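Below, in structure tokens: the form predicted on its own, a single chain.
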Amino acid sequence: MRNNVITFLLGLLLTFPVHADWYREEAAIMGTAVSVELWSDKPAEGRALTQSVLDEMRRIDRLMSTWRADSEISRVNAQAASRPVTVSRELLTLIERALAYSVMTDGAFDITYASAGKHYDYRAGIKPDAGQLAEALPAIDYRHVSLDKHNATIRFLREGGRIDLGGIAKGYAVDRCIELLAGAGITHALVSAGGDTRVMGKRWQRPWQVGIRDPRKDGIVSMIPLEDAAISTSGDYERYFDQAGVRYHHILNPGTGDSAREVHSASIIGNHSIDTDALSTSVFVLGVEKGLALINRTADTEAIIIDNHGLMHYSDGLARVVKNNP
């Protein structure tokens, strides 16, 4: 046993220089907890890169937050129903990616859900009444968002239209930060924004361990080992209120404008956070059967779903792993 420990420690010393260390920072950005952890053998660079990650998160928040009146997306929401609005190529490309997911999921993922979402206030326990929902529903349709890629403009084809990138922007931001670190030569790191996490390399020669939260009580229901991968979880426990025995939360079904309730959480594992973020929202809305069918036909992607009875369901690839490792 002692020899095994010595061999392991020697392996660490050979892999990681003795003057190297882990550097970690966290902050509240994009309406959630953002954290970065990385390994570097250059202390000044390691500390600077953690700050660069937080700065990049803040930059994207300034661009895409619907809570900021001065953001680019707020300008789109204020003006695009009356005229084409010129936007940055970055925002245009992300919206184009979001619309592609709308097509892929038959509208389960739809950034125009915000036409109804604007009537919810989860802190105050306010939801739209029947009249407000009836007025908002006709505007919820991703096909009402018209992009002119040549001129970089966005136009809403229906009055009352509004978009929100909450189901994809954090994943995009995590990917951007991982790319920033990789470009600086970092090979072992974790970047997380709320339910969206992506990792590079390992942590102390072992896979990173990312937990899936129990959606109804404190604790973790599963630990997922990851290397060079992304995981996103959408859950009904992040922004919500309970009223008359019904939970109203921020993941809305675009077809009804009401909270989707077939599952409590959907966790997606893949290569990039932009994809796992959008897919976790989509699967949550689709429910167990249709959600698993979507993941099973999507390459290099797996899912863990906790339904509204607390039962866990796995995509085909993970189901085989679970079966072989009871």
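Not measured: the values here are computed from a predicted model. Start at 1 with the first residue shown and count on from there.
Here the subject shifts to the form predicted in complex with adenosine-5'-diphosphate (ADP), a form of this protein not shown in this document.
Next on the checklist: Taking a heavy atom within 4.5 Å as contact, would all three of D164, E238 and I251 count as contacting adenosine-5'-diphosphate (ADP) in the model of the complex?
Outcome noted: Affirmative, all three are within 4.5 Å.
Next on the checklist: Which is the contacting stretch out of 278-286, 52-60, 33-41, 295-303, given heavy atoms within 4.5 Å of adenosine-5'-diphosphate (ADP) in the model of the complex?
Outcome noted: In short, 278-286.
Item to check | Heavy atom of S234 within 4.5 Å of adenosine-5'-diphosphate (ADP) in the model of the complex | outcome: Because a heavy atom of S234 falls inside 4.5 Å of adenosine-5'-diphosphate (ADP) in the model of the complex, the answer is yes.
Checklist entry - Can K170 be called a contact residue for adenosine-5'-diphosphate (ADP) in the model of the complex at 4.5 Å between heavy atoms? => result Result yes; K170 sits at the interface with adenosine-5'-diphosphate (ADP) in the model of the complex.
Checklist entry - How about I111: is it within 4.5 Å of adenosine-5'-diphosphate (ADP) in the model of the complex, going by heavy atoms? => result It does: once adenosine-5'-diphosphate (ADP) is placed as it appears in the model of the complex, I111 has a heavy atom within 4.5 Å of it.
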